[in-house]
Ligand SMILES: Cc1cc2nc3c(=O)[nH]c(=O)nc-3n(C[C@H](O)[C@H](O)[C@H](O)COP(=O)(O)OP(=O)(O)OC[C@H]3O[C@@H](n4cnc5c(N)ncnc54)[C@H](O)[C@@H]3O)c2cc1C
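Taking the form predicted alone, here's one chain by itself in structure tokens.
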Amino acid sequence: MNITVVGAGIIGCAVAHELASRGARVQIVDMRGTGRGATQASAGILAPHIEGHIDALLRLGACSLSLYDGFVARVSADARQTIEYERSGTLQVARDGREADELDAAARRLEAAGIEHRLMNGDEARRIEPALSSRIHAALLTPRHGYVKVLELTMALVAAAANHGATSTTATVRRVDARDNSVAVTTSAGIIEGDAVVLAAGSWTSGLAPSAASPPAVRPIRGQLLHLHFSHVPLSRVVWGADCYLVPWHDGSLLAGATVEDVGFDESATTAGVTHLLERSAELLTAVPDARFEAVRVGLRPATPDEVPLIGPSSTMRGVYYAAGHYRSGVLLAPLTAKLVADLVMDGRRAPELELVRPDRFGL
């Protein structure tokens, strides 16, 4: 089976690897190259019990997190590359009584769901994370959570897919057409014909398959993310505040994010965004003023009107499938998305989770 995957972000690369590993002949097409869009501005947090504020997202996220250990192990083995991946937990922190009440409510939800957790006061939080600010009033530890270094994972996915025969092309995709016995992808480098196309083009997906829906089924939301560096690792786990999160890497780097800005297709970094993230980070971590500033990363996160992704077959074009609109959950949902798409395209199997993410709910 010949399959074209449009988009080389974390979702497109995960889908391409899964399809190629099952024997499909896969070609990946992206206008910039691997991981150059929203993926490069992702912190890689794996925390469904924080970000799953919608029931569907919580269900999808928890399911995908359960796949992550095997997913990373298989990608690493297929690519013959190491991937930084930690399940050291998340520490949600509260700076005042109102935020502490919200943590208490979150702890009750985790208790009801049977999820391991620990609610603690500020002094207890600083005993396990000494660099936390004295302003921290309470904290909630969720040990199942973690993070993955996103660009390492994305590059490993491409290498793993290539080791299964997949190829990659850097070109602009102009249109997708369903023909009698094939699906054609018209690009700036020529036309690619195959048996199926997977649209994983992030914020650009709606332009490839226009919908009657208003607003568009997928729109860009700008996120700015800071890359800081310390002489020693300042934290041992992800710290999540009301206005900012912090992700520590093994090499002393710290990611601080992220803004949420509805500004269309503007990928500019702004002084307002950088200042906001530095100020919010310093409220959580005492050492922020001593950090070396490495970079600001900007990505356009693909959001749907209901914040739930689009995964499954097109209702208007035969042989076309969607894997888009993951917004802030693309890294977390990559293993599940790849499995759902491959099961459907290769074997015709419809997992129950597909009912939550049907593209036809927006006329696609």
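All values derive from a computational prediction rather than experimental measurement. All residue numbers refer to positions in the sequence shown, first residue = 1.
Below, we refer to the form predicted together with this ligand, which is not included among the displayed structures.
Exactly one of the stretches 136 to 144, 104 to 112, 168 to 176, 88 to 96 approaches this ligand in the predicted complex with heavy atoms within 4.5 Å, and it is 168 to 176. Proximity of Pro248 to this ligand in the predicted complex: non-hydrogen atoms within 4.5 Å are absent; the residue sits far from the partner.
Proximity of Tyr322 to this ligand in the predicted complex falls outside the 4.5 Å heavy atom cutoff. This ligand is not shown here, and in the predicted complex it never comes within 4.5 Å of any heavy atom of Pro305. In the predicted complex, Phe230 stays away from this ligand, with no heavy atom inside 4.5 Å. Between this ligand and the residues Gly223, Gly122, Gly194, Pro234, the one pair within 4.5 Å by heavy atoms in the predicted complex involves Gly223. Residues from 8 to 46 that approach this ligand in the predicted complex with a non-hydrogen atom closer than or equal to 4.5 Å are Ala8, Gly9, Ile10, Ile11, Gly12, Val29, Asp30, Met31, Arg32, Gly33, Arg36, Gly37, Ala38, Thr39, Ala41, Ser42, Ala43, Gly44, Ile45, in the order they occur in the chain.
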